[in-house]
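There is one chain below, alone, in structure tokens, taken in the form predicted alone.
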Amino acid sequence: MRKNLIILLLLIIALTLPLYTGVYILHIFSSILIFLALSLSWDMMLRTGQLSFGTAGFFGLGAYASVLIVVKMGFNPILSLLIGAIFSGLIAFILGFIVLRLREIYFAITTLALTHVFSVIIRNFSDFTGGASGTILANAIFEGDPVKIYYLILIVAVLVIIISEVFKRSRIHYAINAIRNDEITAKSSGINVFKYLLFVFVVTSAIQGLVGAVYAHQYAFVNPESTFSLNFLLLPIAMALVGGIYSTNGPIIGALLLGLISEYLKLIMPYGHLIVYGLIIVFVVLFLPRGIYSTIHNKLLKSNIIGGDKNANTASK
């Protein structure tokens, strides 16, 4: 009951935010929601035991697919967002038959390399993609209206949160947990390991493509350097690690905390904020290895402040 009230309160705050804030605050929270969705998508893949570094790559693919289909074919911008998600998911499906045969560091390095490969391909097809200079849209989505853009990003973020919760509360959760804990045992139990890995890989890549498409239409511009930037990999990872991995709440907390701290540090330390930002991340990883959410949640459980939830320890596994 308490959890439902908190969720309702946060949703009301999010929905009414444009009523009592200005453009600057809306821009900050729009950015936080973008990275929140990316962080959750990265964490969903991590729950299978596979460390993916391809977030920026599929983010960029979705952005380019969405922008180019508007520029070259005159598609409706809203519809093009779905095209971006589908395109990233389709590429992930095709590549999944190769890369998902790899495990651990080999999978991580390969997915990281894919980001560079995608970027090189975009640069070389300059007649179609604009090459290194990129492509500019005639207008940002909703004519650049910050309120409408904020609500669009909020809808995407809520959708990603719902998908994460579905993963957590359905049989998918038990399957990917078993795969992460012991793949051989999972196979012997009748779990189709490759099927679940491919499914999660495609879903998370489609999410990243959708987020990339929204981001591209927000700024009405794509180019290989900024669209495939490792910021779209490193920041979501940092947010998940700080908040707590293997959960929905962890990346949300991490995104809100690091997003707000980052903006505050930019104001008071324009040239040194990244150093402090990095130190905060190192501190949390060293002294709160399970993340803020899991650490606090486990302490509350031990103190009997939270009780009766048989699945409470899931986030810390």
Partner chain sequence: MSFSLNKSYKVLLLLVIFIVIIGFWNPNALLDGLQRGSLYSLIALPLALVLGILGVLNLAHGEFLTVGLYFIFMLNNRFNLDPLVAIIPTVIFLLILGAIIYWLTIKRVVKEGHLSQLLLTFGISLILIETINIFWTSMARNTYTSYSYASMEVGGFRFGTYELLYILIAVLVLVGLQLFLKKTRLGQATFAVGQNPKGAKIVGINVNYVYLFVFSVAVAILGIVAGAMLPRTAIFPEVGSPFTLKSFALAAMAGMGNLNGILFAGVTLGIGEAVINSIPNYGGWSDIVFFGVLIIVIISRSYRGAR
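Residue numbers count along the first chain shown, from 1. Predicted model, so just to flag it, every value in this text is computed and none were measured.
One more form of this protein should be noted, the form predicted together with its partner chain, which is absent from this view; the next part is about it.
A.B. asks: Could you tell me which of 44-52, 259-267, 24-32, 62-70 sits within 4.5 Å of its partner chain in the predicted bound form, going by non-hydrogen atoms?
C.D. replies: Only one stretch passes the 4.5 Å heavy-atom test: 44-52.
A.B. asks: In the predicted bound form, do I237, Y246 and L274 all reach within 4.5 Å of its partner chain through at least one heavy atom apiece?
C.D. replies: Per the other structure, all of I237, Y246 and L274 touch its partner chain.
A.B. asks: Evaluate H116 for contact with its partner chain in the predicted bound form, applying a 4.5 angstroms cut-off between non-hydrogen atoms, and reply yes or no.
C.D. replies: Although its partner chain is absent here, H116 would touch it in the predicted bound form, with heavy atoms inside 4.5 Å.
A.B. asks: How about L233 - does it come within 4.5 Å of its partner chain in the predicted bound form, if we only consider non-hydrogen atoms?
C.D. replies: Flag for L233 set to yes.
A.B. asks: Would I292 count as touching its partner chain in the predicted bound form under a 4.5 Å heavy atom rule?
C.D. replies: Looking in the predicted bound form, residue contacts with its partner chain do not include I292, since no heavy atom lies within 4.5 Å.
A.B. asks: Is there any non-hydrogen atom of I281 lying within 4.5 Å of its partner chain in the predicted bound form?
C.D. replies: I281 belongs to the contact set for its partner chain.
A.B. asks: Out of I155, I109, I78, A132, which one falls within 4.5 Å of its partner chain in the predicted bound form, going by heavy atoms?
C.D. replies: By the 4.5 Å criterion, the partner-contacting residue is I109.
A.B. asks: Sort through I86, I163, V147, L102 and report the residue having a heavy atom within 4.5 Å of its partner chain in the predicted bound form.
C.D. replies: Flagged contact: L102.
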